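Next up: just one chain, as structure tokens, the form predicted alone.
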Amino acid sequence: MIKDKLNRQFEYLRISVTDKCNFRCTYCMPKEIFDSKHQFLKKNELLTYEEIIEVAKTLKPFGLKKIRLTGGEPLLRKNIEYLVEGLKKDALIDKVMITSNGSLLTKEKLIALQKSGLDSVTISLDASSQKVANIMNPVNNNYILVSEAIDNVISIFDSVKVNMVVIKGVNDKEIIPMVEKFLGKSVELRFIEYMDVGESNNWSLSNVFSSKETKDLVGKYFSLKKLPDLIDSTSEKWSIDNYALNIAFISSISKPFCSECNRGRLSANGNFYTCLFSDKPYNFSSYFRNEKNNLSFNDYFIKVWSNRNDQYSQLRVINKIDKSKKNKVEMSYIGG
């Protein structure tokens, strides 16, 4: 085990396998910026599956237990089930998960992912209607296809997490319809406060629909019961009486969880970030591409993590400011 300056252990790694996505969600990859002129990473810049597995194997002795594969859209990488299998069988990672927009999650792909050892699937869906979904994501949006993917995940994995980013005045009227859509299904519907990740989404505190507002709204229509939270969980969970659906709240803006943060983030080209709101990358790829380094990879990681003191969201709340850092890495680059 290794701890940082705030006594936080390293246990969880989010890995972006590509910076490309076939959607253009306003809070992540607004189409005005990520257009045909945007320069995405070249194929030879991406970490290979073998390199990603090697990173996981190397970090396992430091306490790594969970890996989440993200993007961009991770299903844009071909044969990603081979990566999942390697992380489970070769790197011996306890839990391997994936977050996707669902558009490419066919039943056949889900079966292949399950056979490879994938433990769970999270799908992003920000509205219950095609009309509002088109506002949240005006490119390649197929609401029906994503809804089918959610049902397929439930049929194969028994349950699914659904992420909904709530933006005031844009999709907050969809909160109750989303709850009603999943009431009878084995879904954990996670309401996520709109976050100031990166520099491209024109974030403002005035656009945040808080978790408390969401919970109070749902509480007007349904009877809620608090569920126990895991020690390292980023969400607070509630059950709805007499229904299969559970709901959860991720409150990075109003109730930061920096003090329990045990995760690092690896970009598709091998840069390591110690915080979602980071502006400083650490080059891991050089250690797997025969470049000269003063330290071994083990010693380098120890230095990086032991000097970590990130608590961006916490400081934002304490200092009562909208933003306290510029030039933050984009969400699509490190997968949220």
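Quick note: we count residues from 1 along the sequence shown, nothing fancier. Only a predicted model underlies this, so the values are computations on that prediction, with no experimental measurement involved.
In what follows, reference is made to the form predicted in complex with ligand SAM, a form of this protein that is not presented.
Engineer: Any chance residue 47 has a heavy atom within 4.5 Å of ligand SAM in the predicted bound form?
Structural biologist: No, residue 47 stays farther than 4.5 Å from ligand SAM in the predicted bound form.
Engineer: Hey, in the predicted bound form, does residue 301 get a heavy atom within 4.5 angstroms of ligand SAM?
Structural biologist: It does not: once ligand SAM is placed as it appears in the predicted bound form, residue 301 has no heavy atom within 4.5 Å of it.
Engineer: So, in the predicted bound form, is residue 331 in contact with ligand SAM at a 4.5 angstroms heavy atom limit?
Structural biologist: Residue 331 belongs to the contact set for ligand SAM.
Engineer: Tell me, yes or no, whether residue 284 is in contact with ligand SAM in the predicted bound form, where a contact means a heavy atom of each within 4.5 Å.
Structural biologist: Residue 284: no contact with ligand SAM in the predicted bound form.
Engineer: Of 105, 84, 179, 192, which residue is found within 4.5 angstroms of ligand SAM in the predicted bound form when only non-hydrogen atoms are counted?
Structural biologist: For this set of options, the contacting one is 192.
Engineer: Would you mind picking out the stretch of 37-45, 23-31, 291-299, 52-60 that comes within 4.5 angstroms of ligand SAM in the predicted bound form, counting non-hydrogen atoms?
Structural biologist: Among the listed stretches, the partner-contacting one is 23-31.
Engineer: So which bits of 64-93 sit within 4.5 Å of ligand SAM in the predicted bound form, heavy atoms only?
Structural biologist: The stretch 64-93, when checked against ligand SAM in the predicted bound form, contributes 70, 71, 72, 73, 74 at the 4.5 Å heavy-atom cut-off.
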